[in-house]
Ligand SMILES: Cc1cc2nc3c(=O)[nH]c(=O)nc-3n(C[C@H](O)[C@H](O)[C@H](O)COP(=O)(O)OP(=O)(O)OC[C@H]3O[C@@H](n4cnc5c(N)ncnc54)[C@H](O)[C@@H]3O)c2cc1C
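Okay, so here's just one chain, in structure tokens, the form predicted alone.
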Amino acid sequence: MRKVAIVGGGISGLTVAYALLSRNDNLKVAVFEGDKRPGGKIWSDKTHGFLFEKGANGFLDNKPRTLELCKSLGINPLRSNENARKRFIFSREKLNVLPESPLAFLKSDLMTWRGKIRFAYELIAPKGPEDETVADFVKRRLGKEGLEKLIDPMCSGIFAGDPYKMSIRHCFPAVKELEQKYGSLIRAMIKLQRTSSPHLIPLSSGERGRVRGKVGLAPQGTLTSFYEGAQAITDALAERLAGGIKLRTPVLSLATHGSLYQLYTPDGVVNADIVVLATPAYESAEILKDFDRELSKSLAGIPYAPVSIICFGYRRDKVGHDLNGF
């Protein structure tokens, strides 16, 4: 029986372990997690009747394999309703509804009239190179205010990223393709809305899908979670893996001994035929620094954006307006 050691007990490590055990009875799989709990960045906390998400709060349902995993685990996903499509951006000391039509855009207080008028230039703005940063693309087509008020918040919300460093071709490939094909995003939207036939355009990196007269920057799919919180999926995985998870057992370094890998932990050395690193790149870099310096250096060079999550809870009777939005 071959031994597989998976380093990292977050959603990636737990899913890999579950998939391997589901498909091959001839494996002995162990998951090594340095924390006192499995789940990694998925962590749902219930306090004083409120459900707080300390990390990821859900997933998009446009990937069927995630839904297949839920079905296999016997847990029921909960999709957001239509109210979640109503988005808000905090600007100029208030929450502003993200406009969904040209008329709503003109009436919106999100942008100044100067910024709105700048959008008209988009019709004649020149095409850019095959790839460029999101910031360069948006400033050229929509202006600096369009970048700061509309696109920068979206990049932060979707990618926790910096539009001045992100690739437009890889982050928003559909938008870049529309510019290359039609020369103008506004003209593209008008033409696509006038036709009833589906248009095959890339929705995200590595994925293609049919969109009927609908073009937008946001990823396709419905935000989905679970009634008990996002942690329901990692809890279900951990339950299926039973005694195969070793908590409070970080892997400090890696070596080889003959045909086996040796994992060095505070509790001693563990041998394995196969090792899967399901840890963040910077943690993998530390584990591999004496095993493969070049690989460790490459992993250490992958940037991670810092994210702070702040949760507030309010009694419903203290809020006088509706809560229909995202």
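Since the structure is predicted, the reported quantities are computational estimates derived from the model, not experimental observations. From 1 onward, residues are counted along the sequence shown.
The same protein also has a form predicted in complex with this ligand, omitted here; what follows describes it.
Enquirer: So in the predicted complex, does any heavy atom of residue 41 sit within 4.5 Å of this ligand?
Expert: Answer yes; at least one heavy atom of residue 41 falls within 4.5 Å of this ligand in the predicted complex.
Enquirer: Residue-level question: is residue 309 within 4.5 Å of this ligand in the predicted complex, judged on heavy atoms?
Expert: Yes, residue 309 sits close enough to this ligand in the predicted complex that at least one of its heavy atoms falls within 4.5 Å.
Enquirer: How about residue 292: is it within 4.5 Å of this ligand in the predicted complex, going by heavy atoms?
Expert: Residue 292: no contact with this ligand in the predicted complex.
Enquirer: Look up in the predicted complex whether residue 251 has a non-hydrogen atom within 4.5 angstroms of this ligand, and give yes or no.
Expert: Residue-level check for residue 251: yes, a contact with this ligand.
Enquirer: Quick check for you: of 28 to 36, 267 to 275, 293 to 301, 254 to 262, which stretch puts a non-hydrogen atom within 4.5 Å of this ligand in the predicted complex?
Expert: Partner-contacting stretch among the options: 28 to 36.
Enquirer: For a quick check, can you give me the residues of 280 to 300 that have a heavy atom within 4.5 Å of this ligand in the predicted complex?
Expert: Read in sequence order, the residues that approach this ligand (within 4.5 Å, in the predicted complex) are 280, 283, 287.
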